[in-house]
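The data below hold one chain only, encoded as C-alpha cells and taken in the form predicted on its own.
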Amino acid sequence: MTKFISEPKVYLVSRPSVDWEQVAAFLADEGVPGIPDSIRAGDDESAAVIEISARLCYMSYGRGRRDIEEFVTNLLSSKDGSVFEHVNYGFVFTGVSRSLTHELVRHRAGFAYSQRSQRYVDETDAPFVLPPALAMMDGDAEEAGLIIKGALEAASESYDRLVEVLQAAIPRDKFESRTDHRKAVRQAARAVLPNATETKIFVTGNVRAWRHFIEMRGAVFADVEIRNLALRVLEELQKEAPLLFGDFTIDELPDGTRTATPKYSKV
C-alpha cells in the first residue's frame, strides 16, 4: 500500500555550546574583566558565542552595551553578519520530497548536508510527498488527487518491477561484492522514481545561513513545500534562540499558507 505524506517533520538535533573555563582563561590572560562583566549573555550560549566573537573584534570586553538584547539587535541592524557564522544548528528533516531537497542544497555557503541515499537504500516502500497545492484547490481537487496518486503508485510499481528484473539481468560475477551489485541495481532503478519521493536529510547551518534560508524560502514567491519547511525551522529557532531570530514576523496569506519576513534583511 503506497503511503502519502503531506507534512514534513523537523528535529533540532545539535546546538552550540561554550567551554566557559576556556573563556575565563582567555579573558584573564588578556587582562580584561571576567565573566559576567565581559560576557552579558548569561545562560544563552548561542548569544554568548556571538558576544565573545563580536567583542573580540574591538577588545570591548567589560565596556559598551551591557544589555545582551540591545547588543545583538545592534549587530543585526548594522548587518555585522560575520559573527553569526560562529553559531551552528543542525536539523534532521523527514517527510520532504526530492524536489524540495534539490532546491534546499542550492544553499551552499554556511551549510552542510547528509542525505538518504537512493543507491544504497531500498525504495520499495518509499512514501511520496503530495504537493501542497492539492490542499489549496477548490474545483477538481479530487480528480487532481487521483491523477497524482495514480502516477506515483505506477512509479512505485515500476521501481519494484525494475529492481526485480535488474537483479536477474545484471550479472553478479561482474562485481567484487554483493553490495556493489545491489548498488548497481538500485542506481539504475531509481531512474523511474519521481521528484515526489520522500527523503530524509541532515542539515547543519550557521545562524547567518539559516536567516538567509528563511528569508529567501519563507517569502511569498518561494515554492509552498519548502516555504512550509522554512516556517517550521523558524518556529524551532525562535524558541531556541529568540534573540537571533525574533525579528522575523509570520503572516498568513489568503490561500492559508504562511510567509516569514525579517525586520533586519540580508544580515
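Not measured: the values here are computed from a predicted model. One-based numbering along the sequence shown.
Keep in mind that the form predicted in complex with a small molecule is missing from the display, and what follows is about it.
- His212 is the sole member of Arg65, Arg40, His212, Arg232 with a non-hydrogen atom lying within 4.5 angstroms of the small molecule in the predicted complex.
- Note on the partner interface in the predicted complex: the residue among Ala54, Val224, Leu27, Met216 having a heavy atom within 4.5 angstroms of the small molecule is Met216.
- Of the heavy atoms in Lys174, none are within 4.5 Å of the small molecule in the predicted complex.
- Looking at Ala109, you'd find a heavy atom of it within 4.5 angstroms of the small molecule in the predicted complex.
- By the criterion of a heavy atom within 4.5 Å, Lys266 is counted among the residues contacting the small molecule in the predicted complex.
- This chain is displayed without the small molecule, yet in the predicted complex the stretch 100-108 from 143-151, 163-171, 100-108, 87-95 comes within 4.5 Å of it by heavy atoms.
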